[in-house]
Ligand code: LMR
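The data below hold one chain only, encoded as structure tokens and taken in the form predicted alone.
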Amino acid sequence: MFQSIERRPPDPILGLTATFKKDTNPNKVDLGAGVYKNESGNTPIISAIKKAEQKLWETEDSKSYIAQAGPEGFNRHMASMVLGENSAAINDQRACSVLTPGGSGALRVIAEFVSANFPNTRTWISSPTWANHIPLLGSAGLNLVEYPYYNYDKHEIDIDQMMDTLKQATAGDLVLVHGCCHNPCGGDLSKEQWQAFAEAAEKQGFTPFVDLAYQGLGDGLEEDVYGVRLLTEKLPEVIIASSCSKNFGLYRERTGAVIMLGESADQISASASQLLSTARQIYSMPPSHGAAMVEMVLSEPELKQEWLLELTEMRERINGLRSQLVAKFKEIGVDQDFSFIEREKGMFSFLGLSPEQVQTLGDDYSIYMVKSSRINVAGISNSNIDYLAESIAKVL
């Protein structure tokens, strides 16, 4: 039966990583893969996580299955981190949290839940959006439609076009929006734009579907959920997919959560039962290791403080690199305006290069980025920023 199987091309980003690893140029730069990197180009284990893992190794006494929803403490702390310690939805028992295998697992559980229970639902997604949103959600049967989000020429959010298009979103529709640090453009909604989006959802009746993958890497742990909390305060229903991959550095542990808000405790209890049934059909039981460490970090004051300090260092490093790159372009006399890089948030930005220029950077200078010229800012370092800026200047 396998004789008829056709070989698929490698994933564009994962393929870039493989090409980068084979490159023998000592000056090579990897700006493709979307993982945080430190100054030496390594994706480190966060110190608070390492301590929690050591403690877990010493105290864990079983490898039996955990509860299908995940550890109660993990879910409670994740909901509080996203919605706020004094969230009315939590206090009124109108919110539920379910542990999933990473943020992607959360997205898939939501997609399968919606597809099974609301088969005619339209799901609006931003253009551009994370490359895996479309196959991940679409293959679950969701009806995907796009709304404009980013103006590539002006390097800013096209809020007028976005809101004008979303006038077509009605009750029963989902609208997927990035909670912060938009992947791939780095352009985040301002407080005023979040207000406009919330008012549209309230007036038109659509349900916000928030992908929150980078909380803490934009402006701050609390600041990055301004929009999410605004939505949960104003609206009866909100769906959130949260990831621990980036802010806790738990990429390979696959730790995330679905956080869902309903109009009443009874509604959210029924929805939670459907979420768990959906999860059971996909992966049966959730992973434990990453969730146990997150729960420990968030529940123990010393570990939490250590984590917050390291998260701050990561965020400030990224924001500092943005400023440094803009300054470097000015220093070497690049005429093109790259000031937008400094205004954007999180790990990603579009440089505005053509596919041909991107190809030249890879072929001639061993600088790797996806064809859209989306870069992972965390791949820049003090040791490569001069070479990077000078090489980009040569292809402009």
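Sequential numbering from 1, following the sequence displayed. On a predicted model such as this, the values are computed, not experimentally measured, just so you know.
One more form of this protein should be noted, the form predicted together with the ligand, which is absent from this view; the next part is about it.
The stretch from 355-363, 60-68, 30-38, 334-342 that comes within 4.5 Å of the ligand in the predicted complex, counting heavy atoms only, is 30-38. Although the partner is absent here, Phe350 lies well away from the ligand in the predicted complex, with no heavy atom inside 4.5 Å. In the predicted complex, the ligand sits within 4.5 Å of a heavy atom belonging to Trp130. Among residues of the shown chain, Asn183 is one whose heavy atoms approach the ligand to within 4.5 Å in the predicted complex. Within 4.5 Å of some heavy atom of the ligand in the predicted complex lies at least one heavy atom of Tyr214. A heavy atom within 4.5 Å of the ligand in the predicted complex is found for exactly one of His77, Arg317, His155, Lys246: Lys246. In sequence order, Ile13, Leu14 are the residues of 1-28 having a heavy atom within 4.5 Å of the ligand in the predicted complex; the partner itself is omitted from this view.
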